[in-house]
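Below you'll find only one chain, the form predicted alone, shown as structure tokens.
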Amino acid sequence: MKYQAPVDDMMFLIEEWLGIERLTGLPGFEDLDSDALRFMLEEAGRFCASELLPINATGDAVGAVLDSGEVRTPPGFREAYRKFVEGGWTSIDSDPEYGGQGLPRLLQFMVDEMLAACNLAFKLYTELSHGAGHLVAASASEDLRRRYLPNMIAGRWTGTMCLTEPHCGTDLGLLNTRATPQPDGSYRINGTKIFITSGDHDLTENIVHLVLARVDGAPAGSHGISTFLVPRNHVREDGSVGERNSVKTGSLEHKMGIRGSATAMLHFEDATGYLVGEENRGLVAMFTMMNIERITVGIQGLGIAEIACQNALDYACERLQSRAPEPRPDPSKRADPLVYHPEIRRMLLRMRSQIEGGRALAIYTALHTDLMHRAPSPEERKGAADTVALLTPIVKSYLSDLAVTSSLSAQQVFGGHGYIREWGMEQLVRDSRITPIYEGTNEVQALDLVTRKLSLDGGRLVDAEFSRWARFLEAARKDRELEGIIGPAAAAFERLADATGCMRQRVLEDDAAARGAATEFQRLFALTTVAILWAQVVAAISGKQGEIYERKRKLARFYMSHVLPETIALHKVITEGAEDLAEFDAASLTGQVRA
């Protein structure tokens, strides 16, 4: 496979659409400019393409291995990780007080896209450390921060998130892992966690586990959960790494994809842990990490979709197959490149229009993560936090779904060559399939959107976003250059607004009907959001001439005419399909009914 980091498109969105000053005007980012941002993105792209992509297939073929209680990462991973740390890629947006670079989270997310595109399995060794570091920074005591954060940020130690148990997934209120207070202020942790990404490996000398557990005597359910920092190895008073804590790797999962990533079952057997935050307030602390990871998983999907599309396009430009319809590129030839066949071109354009629209969604959300922390006024920070909260399930679900559909489409473009290992498409299909599942399945994201975000604070989050959209659409109707773009976007917005009213009423009157349409509603919300963002991008370049501007306008119009019409069917299912769904109970669904 090949990969060219989409730095030009990233910078286009920042400079031509959002405006670089929205970033550089924030406290702490005054010294950042377009040249510096481009340089860092180009360096990240070079590292990912030259160091991580070449070991991606090997990582998939060999996988992570558990041997005599020790986990070995695939060939090349340790050397690549050493270079990753030396390049400073572990500390991009971390607090300078603990050794971080203090750069925008927007930059972190763009680098995340490149990492995921080139080697998702490798990325996962670094990704949970990033979220774990932010959790420790936000909620841990100063002593824990001083003891653990510098090494985590520097990449000398990595971190994990230990939530899931054999009997307990999304419903964390069912977890059984116990925490027993000790006289010295520590806790003894006992329990088993599964599906722990990077739960054990040989890349670093220590691993910092963030573990959800229930303190002895705590209330049942989610209100009795606490968060604990449990190091794989004890840390001595001088900061050096000591003997092994009572954390054992029981097994590594044998997975469909991301095989180079060590997904572990961990046994905590009287392991020493330290409380992070307050007792029985663990989910509040853990959601700092979980919300970062949900956005990041969406961006993983964007990266996979990008590399799939790039390679499908390259193959389509080279592979000769039959004669294309007129006008043919060379009438004297017996066959034409696949890209000249309309069906292949349509597949490629569906990918490309959604990828670039999805990148606008990712960058828009990423900018607001910086605004929510650094905007000058409390009102601005609150408004940005609302936007991030509303769009988190959209970013996670839309972009992870896009990873799967784009990988499958790319595989289809390759035909039989897409089905064999040599070209890499079948690995992308397998790797991408995890993204709609982990960090809360996309169905869970839909329930979050419908049952929480629509009604949160009287519906403030949605109403504020819809008001901004309405003002933009009204102003943009006057621009003739936006014909074919504003009309479809506005129509989709009307359908979404109507469906939103319907769903809000159902949440109050028929919870089952609301939940039954949640995934369709989330998809409608996502497609409409991307349409609005495409319209904003095109409005921002109105009047500008040049190949890049015309290409953007063409892609936007294609999205409106070939992707957005899906919202018509979604609206109908949401508003009219509740009764038909309600007619089926478990018995009638399985056919176990008597005549």
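If you're wondering where the values come from, they're calculated on a predicted model, not measured in any experiment. Residue indices: 1-based, along the sequence shown.
Quick note: we don't show the form predicted together with another copy of the chain, though the next part is all about it.
*Tell me, which of Arg46, Lys544, Arg38, His562 has a heavy atom within 4.5 angstroms of another copy of the chain in the predicted complex?*
Among Arg46, Lys544, Arg38, His562, a heavy atom within 4.5 Å of another copy of the chain in the predicted complex occurs only for His562.
*Which residue, Leu367, Val429, Leu115, Ala476, has a heavy atom that falls within 4.5 Å of another copy of the chain in the predicted complex?*
It is Val429 that has a heavy atom within 4.5 Å of the partner.
_Exercise: Leu555 in contact with another copy of the chain in the predicted complex, heavy atom 4.5 Å_ = Yes, Leu555 lies within 4.5 Å of another copy of the chain in the predicted complex.
*Do Ile258 and another copy of the chain share at least one heavy atom pair within 4.5 Å in the predicted complex?*
Answer yes; at least one heavy atom of Ile258 falls within 4.5 Å of another copy of the chain in the predicted complex.
*Given that the partner is absent here, does Glu15 sit within 4.5 Å of another copy of the chain in the predicted complex, heavy atoms only?*
Residue-level check for Glu15: no, no contact with another copy of the chain.
_Exercise: Leu581 in contact with another copy of the chain in the predicted complex, heavy atom 4.5 Å_ = Leu581: yes, in contact with another copy of the chain in the predicted complex.
*in the predicted complex, which of 248-256, 132-140, 496-504, 78-86 comes within 4.5 Å of another copy of the chain (heavy atoms)?*
Residues of 248-256 come within 4.5 Å of the partner.
*asked:* Suppose contact means a heavy atom within 4.5 Å; in the predicted complex, does that hold for all of Thr24, Glu51 and Gly459 with another copy of the chain?
replied: The answer is no; none of Thr24, Glu51 and Gly459 reaches another copy of the chain.
*Output the sequence-ordered list of residues from 481-512 with at least one heavy atom within 4.5 Å of another copy of the chain in the predicted complex.*
Going through 481-512 in order - heavy atoms within 4.5 Å of another copy of the chain in the predicted complex - the hits are Asp511, Ala512.
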